[in-house]
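Taking the form predicted on its own, here's one chain by itself in structure tokens.
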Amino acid sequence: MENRQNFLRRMMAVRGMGQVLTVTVGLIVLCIVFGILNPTFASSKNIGNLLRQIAPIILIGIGQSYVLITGNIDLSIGSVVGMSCMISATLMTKGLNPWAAVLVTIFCCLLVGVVNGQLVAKCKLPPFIATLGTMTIARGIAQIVNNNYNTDSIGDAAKGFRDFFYYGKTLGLYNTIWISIILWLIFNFLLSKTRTGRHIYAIGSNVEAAKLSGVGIVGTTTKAYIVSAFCASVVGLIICATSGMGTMDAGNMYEMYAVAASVIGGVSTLGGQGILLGTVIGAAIWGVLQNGLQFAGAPVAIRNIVIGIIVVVSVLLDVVVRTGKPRKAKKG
């Protein structure tokens, strides 16, 4: 009993764990409600499809979480998804080996992460402005790479690529789910168990104190943006595998989904707080809401409004908890 109590104390001592437990309860309640409204929601087929829908949101949520914990934001993440989808599909339709196309695509996307990190940390541009600029550039690359057209089908030669990223199954689970699990394990370890992870939290908590402690601000911030770009590139490859072609609008609104998964799961927009377990729960809440409201017959507009309200409320609660309510000015 004492060991169990000590374990619970250690769990609750983890930054952001309280928020994770709260949203987990919310997730369970949502699943119960939608299951009652429509029994089809709880069917094994729908659960499998739901998990496959949630997986890409977990991935971009991981990337955005890294950046948010440093106290910054990445608005380019959705455009990098589109850029990844279009570059990979274009290269494959031009005859390049699918796996060589994957490597080239990931490299190009990582360059966007490097540029973001340098603009924000070295050039001191506000992250909103820096990543807004790279968001537009990345979307432009997605459009120009195939002469402002969606690509043709990537063809039968890319069957192995499509099975690996979307259609294939391993041990009863879609490969898309396995990709998100493996990458979550890797990036969660890096964030929670390594010096780089500690530095990421330190920058978000107090950048000046981190600098005085010897933390490399430029290098660490750039690493966070590289993680974000890498996760976006993988999501772009998943979308390409799903549709079997490149579409210029791929990743549209994904920056919103990334922020939603992060902040609903307890990652602070003020930096220095949050864990990737919360990002998984946040992505699951997003997916359950979208899927459940669809079964309930709610139009897309209503689904978007609900998600937007939840994001705003989550950020507002975070600001209130972190900074406290504004105090009234004293008279005289």
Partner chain sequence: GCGSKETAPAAETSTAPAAEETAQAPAEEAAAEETAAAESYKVYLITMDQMDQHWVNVDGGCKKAAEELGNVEYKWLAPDVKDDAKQIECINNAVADNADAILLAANGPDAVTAALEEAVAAGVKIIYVDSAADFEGEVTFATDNQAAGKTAGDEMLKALTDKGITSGKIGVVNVNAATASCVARETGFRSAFEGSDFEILETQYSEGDAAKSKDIAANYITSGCVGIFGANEGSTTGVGNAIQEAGDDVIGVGFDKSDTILSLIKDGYLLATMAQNPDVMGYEGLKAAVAVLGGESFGGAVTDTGVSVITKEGL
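Residue numbers count along the first chain shown, from 1. Computed from a predicted model, the values in this text were never measured in an experiment.
Not pictured, yet referred to below: the form predicted together with the partner chain.
- In the predicted bound form, the partner chain lies within 4.5 Å of some heavy atom of Y166.
- Among heavy atoms of N148, some come within 4.5 Å of the partner chain in the predicted bound form.
- Although the partner is absent here, V102 is not a contact residue: none of its heavy atoms lies within 4.5 angstroms of the partner chain in the predicted bound form.
- Using a 4.5 angstroms threshold between heavy atoms, N97 stays clear of the partner chain in the predicted bound form.
- Partner contact region in the predicted bound form: 150-158, out of 179-187, 218-226, 150-158, 105-113, criterion any non-hydrogen atom within 4.5 Å of the partner chain.
- Counting a residue when any of its non-hydrogen atoms is within 4.5 Å of the partner chain in the predicted bound form, the hits in 236-260 run I239, T242, S243, G244, M245, M248, D249, A250, G251, Y257.
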